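In the block that follows, a single chain appears as structure tokens, in the form predicted alone.
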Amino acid sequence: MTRKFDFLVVGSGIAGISFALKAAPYGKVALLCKTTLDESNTSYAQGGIATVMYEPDNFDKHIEDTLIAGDGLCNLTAVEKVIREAPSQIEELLRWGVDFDKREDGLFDLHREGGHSEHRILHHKDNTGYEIQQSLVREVRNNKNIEVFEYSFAIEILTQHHLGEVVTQHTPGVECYGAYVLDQHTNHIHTFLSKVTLLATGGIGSVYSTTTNPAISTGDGIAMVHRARGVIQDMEFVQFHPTALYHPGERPTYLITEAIRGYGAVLRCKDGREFMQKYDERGSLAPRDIVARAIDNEMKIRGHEFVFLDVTHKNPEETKKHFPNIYKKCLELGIDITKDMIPVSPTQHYLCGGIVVDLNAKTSIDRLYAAGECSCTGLHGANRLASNSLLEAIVYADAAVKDALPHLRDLKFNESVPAWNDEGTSLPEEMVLITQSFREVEQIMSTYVGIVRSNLRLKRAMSRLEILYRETEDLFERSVVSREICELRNVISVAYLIIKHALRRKESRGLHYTIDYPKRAK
């Protein structure tokens, strides 16, 4: 079956939904969700969204904090764009019904997180992402121009390659005509033709054995663009959140928001001693890359599997008021955070690299845009400043709509795209092979491509990954297409890109730390 839409949106987080809502007045929108409309990385974002609200804060301070966190690799123009456009985008979220917490005097209750010089984090208790997601979902369900396709998985973006042409990264005029989409209920693959396509596919957490991301975070958009010969950049900069709740076996790992350190929580070793001052004068409020490496080092030198986050010195009622979900979650595990320290350890959390886009969210492929975590805008550089990501997503989704609209009338559907060739034989042992290969990818990446790296570890990871790649491609060619085999292909592609880019960087910078090049290049 072939479906035609003016706008095709792949992903239902804040980037995808905000784009859909803004595009809907100008044409028909298809919104693809891998599972349900409610499930996205956005829903798991606890901390909040950063924006300048009140004095003594100002744009220059927020810009400087972002540049410092990015360790010299931020695109200044992108940083200025996101931060200066933030207030107008926040106003839009408020009009869509997002309820940020306020103080008794009616002003917004702003948090402060690591790397921020001022209180500027808008939040809804400790589940801001969920509040934003639910507000935007209500708007989508009431919009007649947006058709939601749940359990619809984009397999490939459509380009000249699918018309029989040879496409490379240097081929001029490569265009996106839509996507092949797997209906997970029927297992049929449909052709979605579009004039404009936005990839908002979120993160890559499933590449690692522990992550705060939901299971759907398999780097699909990045992998699809990589296969389409689009430009991908900065994949070595994988952010590990310093403070995930240590509870082995739980996936996704439960995040203990950075806002709790802004609130006053302190990191301690098992013996109760603070240790962050040894690593950075900002102590527990240092940027995430510094805190994660410090915790990793303390765990290794002491032989411990976790450290503690201590908030017991703060007012118990205030703590429960600000962090009700964290309080409830920990209490279920027998930890009363008003009396007991919280066991935490670093875990994969965010990707700073991805699909390269310009200031209008345009990728290197015409008619294709990307926004949110799957994109690389230049805002984050070598390390994301806390709570800048939701902000980046809405600013670039807005930019994509504004850039696409003037050209919409002149764009045509490419009717010559063939239907998906679904030849193949389902193998009885397919699922066990896929499951085992998935585990191997996670193990390889977590063991060799984590917080601390070396050339030896990276090369060993690459050699093992190449075997999995060949096995998986062979399986893909001989099997009926399923979401599972496609996701495995995608995580292998993403893992390959992370290792490749990490080997290419001959320095330690931001989130990429290698013992072979421990200093930043001048």
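Counting begins at 1, following the sequence as shown. Source: prediction; values computed, not measured.
Only in words, not in the display: the form predicted together with a small molecule, which the text now covers.
Asker: Can you tell me if residue 352 lies within 4.5 angstroms of the small molecule in the predicted complex, counting non-hydrogen atoms only?
Answerer: No.
Asker: Should residue 32 be classed as touching the small molecule in the predicted complex when contacts are defined as heavy atoms within 4.5 Å?
Answerer: Within the cut-off, so yes.
Asker: Using a 4.5 Å heavy atom cut-off, state whether residue 11 contacts the small molecule in the predicted complex.
Answerer: Taking the distances in the predicted complex, the answer for residue 11 is yes, it comes within 4.5 Å of the small molecule.
Asker: State yes or no: in the predicted complex, is some non-hydrogen atom of residue 110 no more than 4.5 angstroms from a non-hydrogen atom of the small molecule?
Answerer: Outside the cut-off, so no.
Asker: With the small molecule left out here, work out from 189-197, 445-453, 102-110, 372-380 which stretch has heavy atoms within 4.5 Å of it in the predicted complex.
Answerer: Careful reading of the contacts points to 372-380.
Asker: Scan 345, 152, 284, 210 and let me know which has any heavy atom within 4.5 Å of the small molecule in the predicted complex.
Answerer: Selected option: 152.
Asker: Counting heavy atoms only and using a 4.5 Å cut-off, do 70, 232 and 494 all touch the small molecule in the predicted complex?
Answerer: Not a single residue of the candidate spot has a heavy atom within 4.5 Å of the small molecule in the predicted complex.
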